[in-house]
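Starting off, we have a lone chain in the form predicted alone, written out as structure tokens.
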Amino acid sequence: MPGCAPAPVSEPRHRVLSVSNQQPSIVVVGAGFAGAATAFHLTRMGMERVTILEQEEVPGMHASGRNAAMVRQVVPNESIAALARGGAAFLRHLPRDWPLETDFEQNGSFLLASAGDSARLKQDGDRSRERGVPAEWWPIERIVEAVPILEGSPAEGGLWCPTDGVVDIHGLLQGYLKAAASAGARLRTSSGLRRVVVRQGKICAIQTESDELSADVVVNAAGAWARQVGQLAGASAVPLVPYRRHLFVTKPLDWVEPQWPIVWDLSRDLYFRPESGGLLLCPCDEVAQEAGPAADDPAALQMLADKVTRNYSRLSDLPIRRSWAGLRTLAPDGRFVVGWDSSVGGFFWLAGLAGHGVATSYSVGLLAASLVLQESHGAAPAAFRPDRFL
């Protein structure tokens, strides 16, 4: 089989560059934010033998193109927060050769909390400030002055994060892909992975429905399908689960200010932001499902109505114009899965981004590309290691 000659016994399992310095053949499975950003960084680092394999006709059909487009930097897990800070910094200063206009509206965010949750949120804000992210605690009365529709909120107060915002997710995703393609990467859509060929414990090829490609490295950025891709390779069992989440957009509302920030009530799992003259809202539903298209569930609209009625009566009876569902893939501990597999040489996990893909895409792609090419500055946080589940 081409490209599948047995590897020398003395060859380190995860060393990518060979003795002759021939570039490795790298196949990135998945053209969502994780895979696209990784390919972007690999080509920036000089890699020319990069193929992005996407099973759908259009990238971003299940998660990367069906999310709320929000960039939030204050999150409880510091390893994830560090990646979000790097991602936001990138969006504020896109490179001069970025191929598409990609707006990032820094209208900020209010992260709200009730009395029982405010201490933890304040700690998260303190840590973020120490690391350069503006984050200031405001009492709810002051927040209501900025967003009057919050009058009557049960929250005690919230963090004001002025450098958070909303990004053009389609411009960002296509920007990564176009930049990678211009540097030599190949994007193959409608190309589902059918087999990962492993010889003597090391990847040597992959097969699609139509052909076979030699591969020294497979980067598993398959989102909701990441667990199945791992199974195809005989990799370690990583318990990733896709979860469905809904978004709702109202008709235009004359009382909505387009400059309002994101409002996320962390105590009640509810958020909203301006969108198309109205509001985009999410009840933060989380229902496990098999990898595949996320069906619209009427129960999510009822959940939204219940939360709004109980906590934000001024948002009751909103005229919903459209809705959709997308997938968020999570590990049991909610942390990312990034790093080499411990069972199969050349198999690299990049999965379980748990809804943080937009904000962290630039940084997580840089981390993954650095690890694949064994750059010294690319050490993965221990919290992300795939073998933590073994």
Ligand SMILES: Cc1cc2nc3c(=O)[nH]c(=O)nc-3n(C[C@H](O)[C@H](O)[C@H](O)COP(=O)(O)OP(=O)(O)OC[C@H]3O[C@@H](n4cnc5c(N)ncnc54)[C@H](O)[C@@H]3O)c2cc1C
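Remember, predicted model here, so these are calculated numbers, not experimental data. Note that residue numbering begins at 1 and tracks the sequence as displayed.
Absent from the display: the form predicted in complex with the named molecule. The rest refers to it.
Stretch 68 to 76 is the answer when you ask which of 303 to 311, 150 to 158, 119 to 127, 68 to 76 has residues with heavy atoms within 4.5 Å of the named molecule in the predicted bound form.
Contact with the named molecule in the predicted bound form, defined as a heavy atom within 4.5 Å, holds for exactly one of 185, 204, 111, 229, namely 229. Proximity to the named molecule in the predicted bound form, defined as a heavy atom within 4.5 Å, singles out one entry of 180, 83, 221, 218, which is 221. The closest non-hydrogen atom of residue 35 lies within 4.5 Å of the named molecule in the predicted bound form. Although the partner is absent here, residue 241 sits far enough away that none of its heavy atoms falls within 4.5 Å of the named molecule in the predicted bound form. Although the partner is absent here, residue 42 is not a contact residue: none of its heavy atoms lies within 4.5 angstroms of the named molecule in the predicted bound form. At least one heavy atom of residue 63 is located within 4.5 Å of the named molecule in the predicted bound form. Shown without its partner, the chain has no residue in segment 304 to 324 with a non-hydrogen atom within 4.5 angstroms of the named molecule in the predicted bound form.
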